[in-house]
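Below you'll find only one chain, the form predicted alone, shown as structure tokens.
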């Protein structure tokens, strides 16, 4: 699939069919994720793969009842080892770069999953401490993004976007 087709075609999926994801596909998706750039090549990302229904329910509760998380075959919790980036860049690494880096990973995961026929959704609305407890994250590792992945049971229409010319500035505002 052409990258532009993936970018334009991907949608947030909140209803999943009860089909497993082969490990080879999940590995391919995660490999695409770690191909993302990172500040100073610190690669602060850590992935927790959640398949167990009980553990997915803990994530649903932490995510303010977003029940579609439990429908997905897999939930990938993308975490940042903040010390990995802070060690090189201090507070800016801890508070910004590790977040940017995991966001880049997440976008690659979304596009790769879509290219393989899976649906995803970017979930950022959650109680970080509750997710950290559910996945037993060690100190210094922050869960930042959850991505449910599975076969989509829906095909949402494209959402509107502001025209590019309204958001583009040459040299200054």
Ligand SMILES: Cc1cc2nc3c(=O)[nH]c(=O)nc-3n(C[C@H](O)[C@H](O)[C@H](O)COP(=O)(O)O)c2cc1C
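Positions refer to the first chain, counted from 1. Keep in mind that what you see is a predicted model, and the values were worked out from it rather than measured.
Below, we refer to the form predicted together with this ligand, which is not included among the displayed structures.
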Query raised in the report: For the chain seen here without its partner, which of 50-58, 26-34, 135-143, 63-71 has a heavy atom within 4.5 Å of this ligand in the model of the complex?
Result: 63-71
Requested in this report: Would you please decide whether residue 112 lies within 4.5 angstroms of this ligand in the model of the complex, comparing each non-hydrogen atom pair?
Outcome: no
Query raised in the report: Is residue 10 close to this ligand in the model of the complex, meaning a heavy atom pair under 4.5 Å apart or at it?
Result: yes
Query - Close approach of residue 124 to this ligand in the model of the complex, 4.5 Å, heavy atom - result: yes
Query raised in the report: Applying a 4.5 Å heavy atom distance criterion, does residue 155 contact this ligand in the model of the complex?
Result: no
Report task. Enumerate the residues of 144-173 that have a non-hydrogen atom within 4.5 Å of this ligand in the model of the complex, in sequence order, or give none. Result -> 159, 161
